[in-house]
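Only one chain is included here, represented as structure tokens and corresponding to the form predicted alone.
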């Protein structure tokens, strides 16, 4: 079965404002290679696995709409659309909601809380578990509401390093059961919860060098992992557990604090147990 991904071309992408530390140093910078890098990413994803791409049309007043991971969290046929913390991104919400409705999803929002979709909420691919990051963008209250909706345990994880402002910049669950994590992005209590939830040998703690290369912000398609870059050590570790690793330059998007995973939203998503039952 093809992996369905929501994508949006970077037709109006640039760094116009600063809402994270990556953007601060690049406000006003041109992004001349953004289209080329995005097209190469999309081409690569299509080459390494079976994918179906659903496209959102770019909008002139939404430069960050290219980062479709923040559109929503998909749970089966329901899309929980983001409620962005920063006003600069709120124009994206109706565009995403309309695109998801056209793609066949029922849509909803969380109540009176900030929530930034699959940027801060990631289903484990084997365990009936949703990792839910909060602190910089998503609020703690969102994790409590998600527990009422998603049909599996929600693990709330406090993010403490502003460079890793979304969960998907510091955590990457894989279908093998392994989870990539940059542990220093999390509070001590969150680190303890991760080590309790993930069996020894399955938690792959990445270095700060890999984290700053956005290695955790990777797209998994079948036995392929697509990312901007990583160290040789991490590449060999992924090879050892059965993955092909593909790197593609995404420097223009790193200027805004995003990479491969940020540029995609998985549409065939939900709790691991539910997904297994649906395909049995």
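Residue numbers count along the first chain shown, from 1. Note that the structure is a prediction, hence the values are computed from the model and not measured.
Omitted here: the form predicted together with a small molecule. The next part is about that form.
None of 123, 186, 105, 165 but one reaches within 4.5 angstroms of the small molecule in the model of the complex through a heavy atom, and that residue is 165. Taking the partner from the other structure, the small molecule in the model of the complex has a heavy atom within 4.5 Å of a heavy atom of residue 69.
Although the partner is absent here, residue 133 is not a contact residue: none of its heavy atoms lies within 4.5 angstroms of the small molecule in the model of the complex.
Among heavy atoms of residue 169, some come within 4.5 Å of the small molecule in the model of the complex. The closest heavy atom approach of residue 89 to the small molecule in the model of the complex falls within 4.5 Å. Only one of 45-53, 27-35, 59-67, 238-246 lies within 4.5 Å of the small molecule in the model of the complex by heavy atoms, and it is 59-67.
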